[in-house]
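Read the single chain below, which is given as structure tokens and is the form predicted on its own.
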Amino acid sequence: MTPELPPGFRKLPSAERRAFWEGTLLADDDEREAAAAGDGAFTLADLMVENAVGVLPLPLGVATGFLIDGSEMAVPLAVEEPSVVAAASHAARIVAAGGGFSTEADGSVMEGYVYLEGVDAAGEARLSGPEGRAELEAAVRKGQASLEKRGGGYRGLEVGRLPATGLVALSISIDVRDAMGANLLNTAAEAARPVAERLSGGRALMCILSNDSPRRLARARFALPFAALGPFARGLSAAEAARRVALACDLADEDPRRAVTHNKGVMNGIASLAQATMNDTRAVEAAAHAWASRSGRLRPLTAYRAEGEVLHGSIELPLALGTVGGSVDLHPAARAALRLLGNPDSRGLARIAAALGLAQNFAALLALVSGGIQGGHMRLHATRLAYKAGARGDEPRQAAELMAADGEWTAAAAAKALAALRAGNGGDR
């Protein structure tokens, strides 16, 4: 049966909502140990979301071996999927052997929009005329003194009519500096709203940022000599492995069905870093997939080519990541993750994320074209099956080794392996 929420749940004191979660829905000691919140974590959760009942701990790992723009670093990843951290680390070490990643990132300009209905041609002209622009700029800049002191603020506006709906779109460009920018952009758009309505004679339908972020592009690339690639080609020559990686990317460019999964692999790393730093993973994902579809069909975010004795890899995508504001500098784990990265600014974080996305994709393609990915995946899956069967401590990995030896990856095989393991260690605990 589905448990019923207590009456008036939304208005309950936070302690009572927490007690309902921990006392009613966490069924045993294992669940309480893994999913009950400490006092500090719950206080923070109650500040961050409505109707908080607890926390959902997400595994936090560290991908190692990255050489980015000449600096060695480890990258924090918050992710539930097995092999993401291992794959990123594996690719990082391969690319580091060839000189590492080179990266760059654009500035931090984004757009907020006021969408207006009922605007005639004269009203549109007033909006876009010099006097109208001056009034709108003054309204937007009124609340941006602190942002301007940091080198950011208003950067311009555009006015255009959408053909299907007839709505007039007023686009306001803001340099948001080291913030992701959602609050800054929405505030700017709402500040412009009354002026825009008066000038245009129309009525605002909505005021909202765009997560499209085409002016916050980040790029990464590597040039990997075949001599550095060869030891990792798993039975292929370096030249053949490079050819197959490049062909696999060409396949994603031709077949959108493959491009979906190709780009999902890129985002395995980027979204995990965004989560570890408490950035908006949904916004980052939405912008990336929109960018991949900008030509009218879905295409890969990465590109590869074998040239001479070198495999070249590259990536370009919008990355509106923040290092201040929102949940980024509120959550202690996010602050610690940024410290591990050397406290980069927003552009620095975007460059790291681009290198990470390229590494994640390269690791996947190299594995897929040189033997497949399931061997490593199933070993990690086996540890989970063993945990579900009751294995604890070192037992999940030990049981997984027994399962691998038998080549069986089922719940029954996990239970059998655990029983054999405990029998060999002197019986059940």
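Numbering starts at 1 and follows the sequence shown. Keep in mind the model is a prediction, meaning the values are calculated, not measured.
Note that the form predicted together with nicotinamide-adenine-dinucleotide isn't included here; everything after this is about it.
K.L.:
Could you tell me if A290 has a non-hydrogen atom within 4.5 Å of nicotinamide-adenine-dinucleotide in the predicted complex?
P.N.:
Residue-level check for A290: no, no contact with nicotinamide-adenine-dinucleotide.
K.L.:
Look up in the predicted complex whether S146 has a non-hydrogen atom within 4.5 angstroms of nicotinamide-adenine-dinucleotide, and give yes or no.
P.N.:
Within the cut-off, so yes.
K.L.:
Taking nicotinamide-adenine-dinucleotide as it sits in the predicted complex, is V324 in contact with it (heavy atom to heavy atom, 4.5 Å or less)?
P.N.:
Residue-level check for V324: yes, a contact with nicotinamide-adenine-dinucleotide.
K.L.:
Taking the shortest heavy atom distance, is A189 within 4.5 Å of nicotinamide-adenine-dinucleotide in the predicted complex?
P.N.:
Judged by the heavy-atom cut-off of 4.5 Å, A189 is well away from nicotinamide-adenine-dinucleotide in the predicted complex.
K.L.:
Considering nicotinamide-adenine-dinucleotide in the predicted complex, which of L77, L349, A87, V176 comes within 4.5 Å of it through any heavy atom?
P.N.:
If I apply the 4.5 Å criterion carefully, the residue I get is V176.
K.L.:
Could you work out which of A105, L157, L184, A334 is the residue within 4.5 angstroms of nicotinamide-adenine-dinucleotide in the predicted complex, going by heavy atoms?
P.N.:
The option sitting close enough to the partner is L184.
K.L.:
Only one of these stretches, 301 to 309, 277 to 285, 350 to 358, 239 to 247, has heavy atoms within 4.5 Å of nicotinamide-adenine-dinucleotide in the predicted complex; which one is it?
P.N.:
In short, 277 to 285.
K.L.:
Sequence order please: the residues of 200 to 224 with a heavy atom within 4.5 Å of nicotinamide-adenine-dinucleotide in the predicted complex.
P.N.:
Heavy-atom contacts to nicotinamide-adenine-dinucleotide in the predicted complex: L209, N211.
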